[in-house]
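Below you'll find only one chain, the form predicted on its own, shown as structure tokens.
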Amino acid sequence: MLQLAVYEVKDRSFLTLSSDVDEYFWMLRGQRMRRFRTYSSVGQAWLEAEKRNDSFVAGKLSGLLGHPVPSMQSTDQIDGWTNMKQKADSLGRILGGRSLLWEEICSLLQGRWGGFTDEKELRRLLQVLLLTRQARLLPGVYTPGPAVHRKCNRCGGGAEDLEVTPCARCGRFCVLCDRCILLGKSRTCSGFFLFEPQKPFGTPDKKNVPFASVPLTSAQRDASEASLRWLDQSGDRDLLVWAVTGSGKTEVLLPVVHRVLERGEKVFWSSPRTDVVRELSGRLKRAFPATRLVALHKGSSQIWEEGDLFVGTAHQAFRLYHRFQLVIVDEADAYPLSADTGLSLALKRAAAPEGMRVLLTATPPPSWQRRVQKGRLEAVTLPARYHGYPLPEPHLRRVWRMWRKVDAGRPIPPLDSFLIRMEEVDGQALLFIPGVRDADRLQRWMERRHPRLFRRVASVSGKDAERASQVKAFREGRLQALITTTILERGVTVPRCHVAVLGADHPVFDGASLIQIAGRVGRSPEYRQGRVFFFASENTEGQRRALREIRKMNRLAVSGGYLKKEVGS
């Protein structure tokens, strides 16, 4: 249990994990402490200190600090403080750049030092870091009274994410955050520490970082050079890289990563999915073979390791603080970032105060596009795929009462033609549906209308335990068609792909989703027969936006001279 006390110096309130450290600290500055009161909950102690002093901020001592007063204290006392601070600085070098609960600190030290057997000494050293402004201490969950004002300091979870439960740690009813519970229990009584990175004196030493560069297309080279100019010259901290699906956007940013690493600074590359993190970490390791690379995701064995280049899921940013000069947010508009503002805040918190951020996406939201148009967000566009062929443009087909026809097993001429054509050109089809229950309906229709194809059809969804094996079978060509929800709108690529979206007017298919879905087609330069069809009762704004933006990118690719042949030629 993390016990602490609240005390006052010159009518200002402070928290302490180890009162003898504070007594020593203030004695060397000619100050005296008074009004001790102990607590078993960081949240309670924090509120008490806040109540006593409206300007209270844990860990900030502005106006009361100053150097020790040698004339009033012995050399032994000053040397004692210096020795304790040196030990604390050593601890700070391990914890710096991280935001951790008390239990996570213990877990990290267990992995790095084999544990810290003397908890009293650990508390003393942590308190030195707090007093010297190398760390801040907050309650895991801030509870200032009305539930609507409560907030998890780790993930930003609000009242709807918090639950009052009996707590064995503090022996009281305590507020627990459900939103980030998979990373460990953030409670009112738990301590949440923010450790500033240990900064070298002067500017960071420049490094010679080996870089296995790859050949770039003209479109990739132009985008990469524009990104480097932003890094070196721009006053804007954020850069939008608008790169079409299949453009090779990772290769575009490798020179940017190299530039930052050679400056002696650190990079974090965030991706929304664990499988992408694993794949990306391999690519980055090949590009930077001598760089210390850390992969952070659920189940990773490197959670507490040090490195210069980090790649991880966005959730891992909750444990990072002011650490990176460059943060790259891959698929910046995708789930889970699109559904959880706390993840975006965590990625911002992981960046150094003067750090820079790249937002990497094929489907920037309209609000971002408006910011670009108004000059409020710098942007680099990569409008062409690596192979130099245009993006396949979707065909919009109206089908009245489509699902009634599906349920009745009746002909749907545009869909029938799509499937027949796909088989004739030896393709594979991804058939996107709005919801899980629609899979069985479509499979029954295919059994009646296309019995030969039906034998090589399967369905997947986010709830399907067999999803991985079905996707593998599709990739290996053992399945010719795969019925899927939007769970496969990103990440799945096969060379002979065709796409049909059934019920494209359903709200689940917004413009960004449909652009990503259409992006499954045309990835291979050897197979140019792939087609994209949107089947719906009406043409929605989502469908129109997808067609509009795909055509816009093709025009930009043509005007930039990036295509091997013009659209429609």
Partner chain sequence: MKKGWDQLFPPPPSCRLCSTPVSPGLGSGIWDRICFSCRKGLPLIAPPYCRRCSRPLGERKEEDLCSGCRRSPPDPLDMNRSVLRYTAFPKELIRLYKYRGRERLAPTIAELMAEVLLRQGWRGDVITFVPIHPDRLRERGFNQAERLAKGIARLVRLPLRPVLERIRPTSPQSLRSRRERLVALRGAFRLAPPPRRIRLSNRTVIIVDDVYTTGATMVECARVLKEGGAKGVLSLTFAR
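Positions refer to the first chain, counted from 1. In this text, all values refer to a predicted model and were calculated from it rather than measured experimentally.
Keep in mind the form predicted in complex with the partner chain is missing from the figure; the text below concerns it.
Participant: Out of P451, P413, P166, G235, which one falls within 4.5 Å of the partner chain in the predicted complex, going by heavy atoms?
Facilitator: None of the other options qualify; the answer is P166.
Participant: Looking at R437, K206, R401, K199 here, can you tell me which has any non-hydrogen atom within 4.5 angstroms of the partner chain in the predicted complex?
Facilitator: The residue from R437, K206, R401, K199 that makes the contact is R437.
Participant: Please identify, from 259 to 267, 177 to 185, 481 to 489, 88 to 96, the stretch that has a heavy atom within 4.5 Å of the partner chain in the predicted complex.
Facilitator: Result for this chain: 177 to 185.
Participant: Given that the partner is absent here, does E160 sit within 4.5 Å of the partner chain in the predicted complex, heavy atoms only?
Facilitator: So E160 counts as contacting the partner chain.
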